[in-house]
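What follows is a pair of forms of the same protein chain, given separately as structure tokens and numbered structure 1 and structure 2.
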Structure 1
Amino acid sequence: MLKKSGLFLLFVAMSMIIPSTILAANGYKKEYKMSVVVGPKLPWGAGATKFADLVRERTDGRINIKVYTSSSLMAGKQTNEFLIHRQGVAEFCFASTINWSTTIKPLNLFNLPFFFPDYKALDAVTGGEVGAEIANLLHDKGVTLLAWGENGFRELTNSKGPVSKPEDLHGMKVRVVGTPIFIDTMKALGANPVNMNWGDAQVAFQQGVVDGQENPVVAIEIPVKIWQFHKYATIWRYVIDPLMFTVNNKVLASFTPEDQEIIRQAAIEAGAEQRAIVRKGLIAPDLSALETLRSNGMEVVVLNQQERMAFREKTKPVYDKWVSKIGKDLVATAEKAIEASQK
């Protein structure tokens, strides 16, 4: 009798444990799609793969996330990413605030010209009240912000000559992201912004049709060997490009609480690792990324804060125009966080 009672208790105990794994696995999809707009070899794409691997390992294969790179889920149109994410076509994303900012205007906060002086300022904003407000905003629109990654400060390279003051950009044809605020910024600086995809841009550089471009150093410029096209670089930190690990709200709710926590922790870890890779060699005393540019024949101009302010003053009309679109309160909260980070 005691033996039978013991077996019964063991059965009851096992029945309380099994549903969180077996039942969850039975209710989950065989595959979840994750959208990334770049290729798998860039730090951005690699960060998405790291996240997917961590989730797969820590859920013992219950949650299998397949990373779809190079905008393949949206037929190459990057600005459609948020739409397909909210609809559930892509259950997960590792997305740029730039690509979503055409749909979600407050994300243009990160596109304000010369707004963020350094990485400490960015971390203060994303890790504080502003980051929480953005998370709430996204949740209301159907997606959950899991963690932050990064594509980096966008720096200028060109084939014409060194740029150290706004006047140096006058008349220069610069390839930019097709987001309106980027076009406004380049026009305010006297440049001629050109919106084209990256493949066409590289051909235009070779042919001399387009003079320059703006992208993060470690995330884009070094991997594509930008010195093949341009001999001049300006480190001006004119806008920052944070990345967001996100999941569709309904998809997240379909997982057990335990698996939801695994997903969140995997995003936090993958984001921290990815940010470290993108920042490597760009923060004193380690400036090895800039030395890589120089060793490949580029002349590198690094603007100090006073020189950056000349560019900021020139683009003040852009700032004034976009603050109301972003939200005055959100911008004011960000300004306070940035000011506190500089003390």
Structure 2
Amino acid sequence: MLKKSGLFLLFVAMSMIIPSTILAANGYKKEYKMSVVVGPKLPWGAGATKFADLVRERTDGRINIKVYTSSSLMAGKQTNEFLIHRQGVAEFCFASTINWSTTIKPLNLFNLPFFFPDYKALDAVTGGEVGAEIANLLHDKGVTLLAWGENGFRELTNSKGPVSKPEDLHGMKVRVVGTPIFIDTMKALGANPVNMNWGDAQVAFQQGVVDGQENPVVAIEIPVKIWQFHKYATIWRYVIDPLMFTVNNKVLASFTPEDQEIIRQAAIEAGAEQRAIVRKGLIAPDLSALETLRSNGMEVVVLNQQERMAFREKTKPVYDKWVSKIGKDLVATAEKAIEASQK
């Protein structure tokens, strides 16, 4: 009897010191947080939910990931995402390289203006040596890259007029993420960049506080019905925006090897599915996504190679400035992979 009450007291004492978020049996938490910058209805948010669902099903509920959309874990400040991830506030992320590039300079590789000509080039870079190097450097900073997803090539829209040459952008107020290279690029093109978090940006479009913005067509512009605010689109593929499924190293290590494998596999599958969704309608001969913009009243300018090169030329100083910040070797390796992909 004494023994029993002793055990009971021990149990009471333990339950007072063990936080309620921890499940006793396997040491796993009841809930893991996953950060996403955009809302749940966009393909990006949906990709995160898909991943969380796969993990929950395949671990029989042992690992329960809750997706926190709309930058809610960092009070709207999207460029803080890597910091909260590293600290473990967000155990998982489905993140854009753009939002982490203020903290992790090599990720600006994907922000180099007019650097990636097409999806083949991107896949060669993320799926090859550069992708592996990025995974290593993230790992050194406390985070494991599980798989790539995609936001897409970022295309310009605006309310002022058609843009087919750099001069057309002159003086245009364009909303960009608060990331220095975007400011440099827009300034080099003669535009007037305005920093803004995504959460505030949509209100700014509505109120006409800015004239334009840049985001991927299928992943963002169609779901937010950008035609409500902007009548002109320019398909210029100026920057590619890959997404990354990631987990905090310490959190990953707290799972059994079997569960770690389930997590990796779920990220690969959710990433492949999500990438296919956001590319649909943007690769010839299926250009139905551009038709969606047109059928909603937008004038869509698709730059040809020569026109695109005029923009590239204009932003050359941005490239020159950022190569050393990103790392000369990393850029050179990427350039080789891109060249090989075009043969």
Ligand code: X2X
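Reference numbering: structure 1, starting with residue 1. Between two forms, the rigid core is defined as the largest C-alpha subset superposing within 1.5 Å. Treat the numbers as computed from the prediction; the structure is a model and nothing was measured.
>> Does the form predicted on its own correspond to structure 1 or to structure 2?
In response: It is the first structure that is the form predicted on its own.
>> On a rigid core superposition, would N197 pass a 2 Å threshold for CA movement between the two structures?
In response: After core superposition, the C-alpha of N197 moves 2 Å or more between the two structures.
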